[in-house]
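Given as structure tokens, the chain that follows is alone and in the form predicted alone.
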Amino acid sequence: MPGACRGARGRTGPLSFGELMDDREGRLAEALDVGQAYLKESSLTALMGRVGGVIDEVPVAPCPDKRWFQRSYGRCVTDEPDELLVGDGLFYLTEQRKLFLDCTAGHYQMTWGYDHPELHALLLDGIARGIVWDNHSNIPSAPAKRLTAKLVELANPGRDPAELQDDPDSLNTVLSGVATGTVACGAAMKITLIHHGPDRPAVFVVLDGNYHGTDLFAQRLRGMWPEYFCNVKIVAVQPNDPDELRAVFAEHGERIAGFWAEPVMMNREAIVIEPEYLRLARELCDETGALMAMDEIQTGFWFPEVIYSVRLGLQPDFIVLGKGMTAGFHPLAALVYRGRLDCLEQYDAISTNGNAPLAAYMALGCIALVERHADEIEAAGEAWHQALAQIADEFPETLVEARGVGHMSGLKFRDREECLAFHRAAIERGLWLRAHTYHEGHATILTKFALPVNQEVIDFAAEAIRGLLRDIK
């Protein structure tokens, strides 16, 4: 029966929020509706004035608990759950009606914040036009094909597409049928191994503290699972140490299969890799025949150029893109690489839902917004980083320096316990940000504001951080 649902014990009827969410009295639905209306109808100044407080205008709603979650994600937390209820722009309300300013863009991937109005309208437009949610990768639809063309254009600014197509050394090939950055990274690693050949051990040179995905091989690059690997050697080097990098390439030479780098290491306290260091890596790769991969899962779509390598004037062999590509609508990733490296068979690297035409349509919208607002994005990113740099200067006994670049910036603390105390205080204050303290010597607060952040929010967040730092001294 089209449009109907046969539920428990044979019940039929249209799908409903109340039944699906076990909300037959409508209390959760009411909380969502009222909460969304509050966020959308309140002025920016009014919202900032109530960050960290409970919004009594929103009704209390019974929400599902986490009794079935895995242990590391809070299994069996059943008393008064307080996760996200509803979000809009840079703000969200929790299930207990506390108002937060999200300083991390929904864990680094909500490029345009929660429920951006133009992207919302674009989604409905795509559905109305019949753009399907997913389909087999053998029959890609127009948005998926258009997205690959746009990514090649972005990776090769100013070059003639006709010239690019016939140039095997250009970044003219896109693996688009993948849903996550992990799969895209894995594809680049497979191509690197094939290019290197099976007759000699492969050496991968990586930056210490790297994060290139969660499958077995990607985690091996981070130092995990050594007991399950043979015939491959991982050499981790310290970021921005050119002498060490030269020494490693001199020692291993043509045995090096690939060099991997994240231009901003958000998994290692927002260390920015110096352009000169990356250019040196490019030269050393060329000398030894190694392939160079830039993992832009974090940096891609967060700068006016969209692709950070372009900002640096760098041409790696691989550019991995993901996270912010669809502004959080649907997982989507891509690998842009040189045509001469196109050696994978059709199903060597693919995700079941990777073709995702509707997600590709959203990605095109996200890119168009970046291009349209390039000047504002540049100015806001610079203003936020400079605000943190000023704070670091004001609190030298507590802070070492500001880290990162643009919207992706953080504060390095001198003491781990003070960093953790600041993080707890920030959450209590209603600032949702991250604390990177889970490796020895690491003590950094990380932020990644969504691109619409403006000077008013920057000033508010900076002053709130100053107040918290004064309190923990």
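The model shown is predicted, which means the values in this text are computed figures rather than measured ones. Don't overthink the numbering: it's just position in the shown sequence, from 1.
What comes next is about the form predicted together with a small molecule, which is not displayed.
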Among 310 to 318, 349 to 357, 174 to 182, 90 to 98, which stretch has residues whose heavy atoms lie within 4.5 Å of the small molecule in the predicted complex?
174 to 182
Sort through P140, G258, G213, P239 and report the residue having a heavy atom within 4.5 Å of the small molecule in the predicted complex.
G213
The unique member of N156, T398, N267, T104 whose heavy atoms fall within 4.5 Å of the small molecule in the predicted complex:
N267
Is S170 close enough to touch the small molecule in the predicted complex, meaning at least one heavy atom pair within 4.5 Å?
no
Since only the chain is shown here, I'm wondering whether I297 would be in contact with the small molecule in the predicted complex (any heavy atom pair within 4.5 Å).
yes
4.5 angstroms heavy atom contact with the small molecule in the predicted complex for K323
yes
